[in-house]
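As structure tokens, one chain now follows by itself in the form predicted alone.
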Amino acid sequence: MAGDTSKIIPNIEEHESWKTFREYLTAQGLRVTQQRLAIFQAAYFSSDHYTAEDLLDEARKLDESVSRATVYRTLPILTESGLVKEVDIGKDYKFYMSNQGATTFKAQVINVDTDKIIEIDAPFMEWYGKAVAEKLNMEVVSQRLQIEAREVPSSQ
């Protein structure tokens, strides 16, 4: 995982995203725990895509008592809350990334040799999805554009 999540975020209690997650937990009848706080911080403040195992490693840097089971139980809660999004690239595991209010539609380019995911702006896709849905008298619920590619060897 990229980004420095090895330190606890100062004033996390005042951060709007933490308030949102805390309220979501409460509304679902779930407890707000130190382990969930560590998982939230590692997940939400990461600047790159990550797997559940990556998240476990980062969360344990914040709270060594975080268990694998708690990470796997918390990830669906984070995605349902809208604070984290799940990225499926057709593997037997998922990637995740923080959903910090991106305003432009993003396309995902997946390097098939490394599984690295690169997100690029693709505002035309939002327009295209809306245009197609309107033509069919429908409403867009979700859409995604994934491109699988590999680096081209440089000719020397």
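None of the values given here were measured: they were computed from a predicted structure. One-based numbering along the sequence shown. Between two forms, the rigid core is defined as the largest C-alpha subset superposing within 1.5 Å.
One more form of this protein exists, namely the form predicted together with a further copy of the same chain; it is left out here, but the text below deals with it.
Visitor: In the predicted bound form, which of the stretches 52-60, 65-73, 115-123, 34-42 has residues with heavy atoms within 4.5 Å of a further copy of the same chain?
Guide: Single hit among the candidates: 115-123.
Visitor: With the partner left out of view, is residue 145 within 4.5 angstroms of a further copy of the same chain in the predicted bound form by any non-hydrogen atom?
Guide: Yes, residue 145 lies within 4.5 Å of a further copy of the same chain in the predicted bound form.
Visitor: Report yes if any heavy atom of residue 25 sits within 4.5 Å of a heavy atom of a further copy of the same chain in the predicted bound form; otherwise report no.
Guide: Outside the cut-off, so no.
Visitor: Would residue 30 count as a contact of a further copy of the same chain in the predicted bound form, using a 4.5 angstroms cut-off between non-hydrogen atoms?
Guide: Answer no; every heavy atom of residue 30 is more than 4.5 Å from a further copy of the same chain in the predicted bound form.
Visitor: Using heavy atoms and a 4.5 Å limit, would one call residue 139 a contact residue for a further copy of the same chain in the predicted bound form?
Guide: Yes.
Visitor: Does every residue of 15, 77 and 82 put a non-hydrogen atom within 4.5 angstroms of a further copy of the same chain in the predicted bound form?
Guide: No: none of 15, 77 and 82 comes within 4.5 Å of a further copy of the same chain in the predicted bound form.
Visitor: For the stretch 63-93, return the residues whose heavy atoms include at least one within 4.5 Å of a further copy of the same chain in the predicted bound form, in the order they occur.
Guide: Result: 88, 89, 90.
Visitor: Cα of residue 147 displaced 2 Å or more between the shown form and the other one, core superposed?
Guide: No.
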